[in-house]
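Here you get one chain, nothing else, as structure tokens; it is the form predicted alone.
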């Protein structure tokens, strides 16, 4: 694998990779445009006995100020193949671009997810969704490789997992339990719809999202997961209902941003990291922010909600250390 050494970048700043523009240097960085190259890079890291992390576009990552003492592989596998209503796509494909492609083909099922940042792989990993649609809805199967297995480029031992085997739940999947499993691609099946109708839906939702996530903001989107009411203990749920507007409940969930607004999260600031003045679940880097300050603010906000409502907020973002 000597030839692959030339493609590695040393001491690559992680703030260039993340939407928050936070993070120190990765010891090694590599962009994998094919499944073979991604596996080659993983094997290289295993051979060198250094840790390895695969990321997409960094939209949901808070990288350590100290950087990453190993290899960061950016998944850039972006192929798309369509056969009638079925679509096979690489996990490194940008989610919004994929949705635009589906809209143009008149394939419905993901148009309401327009504007969610990141890649197909990241969306599957976190079971992304919005406005009543989730990426799992039209998913048939996911192509995975186990990084802990004895791999080779000639025999990558890739496996296909059906949707049921992925154990999807709200912002959760089997991939969060099996961190060695690397998502290579996915296959979807969609229903047909008028392309103009789909494009209009996506366009309207993007405009709506931009009222909250203004273009250019250095943020990971919503920082905390919303609260699934059925998962709360009965007493906690009863006490909560005494303090909230029940009209805020949608799809069986209560927005974390609403609870954060109630406890005065807006405008809370530590260093160059600040909660938006207009939304409690939007944590911004004002420029030159540090991951340590993100962690401090997250702790402050979690404590506020726990004290007032007895609810433990859970981060939607992933910490990269």
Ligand SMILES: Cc1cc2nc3c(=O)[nH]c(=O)nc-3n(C[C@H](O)[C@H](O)[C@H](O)COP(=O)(O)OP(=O)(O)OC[C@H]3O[C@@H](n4cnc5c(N)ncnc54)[C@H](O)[C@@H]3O)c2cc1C
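What you see is a predicted model, and the numbers here were worked out from it, not measured in a lab. Numbering follows the first chain given and starts at 1.
Same protein, other form: the form predicted in complex with this ligand, not shown, and the subject of what follows.
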_Residue (of 141, 209, 136, 78) lying close to this ligand in the predicted bound form, criterion heavy atoms within 4.5 Å_ = 209
*Which one, 266, 27, 37, 53, lies within 4.5 Å of this ligand in the predicted bound form by heavy atoms?*
53
*Is there a non-hydrogen atom of residue 224 within 4.5 angstroms of a non-hydrogen atom of this ligand in the predicted bound form?*
no
*Looking at the partner-bound form in the predicted bound form, is residue 58 within 4.5 Å of this ligand by any heavy atom?*
yes
*Is there a heavy atom of residue 101 no more than 4.5 Å from a heavy atom of this ligand in the predicted bound form?*
no
*Consider residue 201 of the chain shown here, and say whether it contacts this ligand in the predicted bound form, taking contact as heavy atoms within 4.5 Å.*
no
*Counting only non-hydrogen atoms, choose the one of 230-238, 243-251, 119-127, 187-195 that falls within 4.5 Å of this ligand in the predicted bound form.*
119-127
_If you apply a 4.5 angstroms heavy atom cut-off, which residues in 169-199 are near this ligand in the predicted bound form?_
171, 181, 182, 183
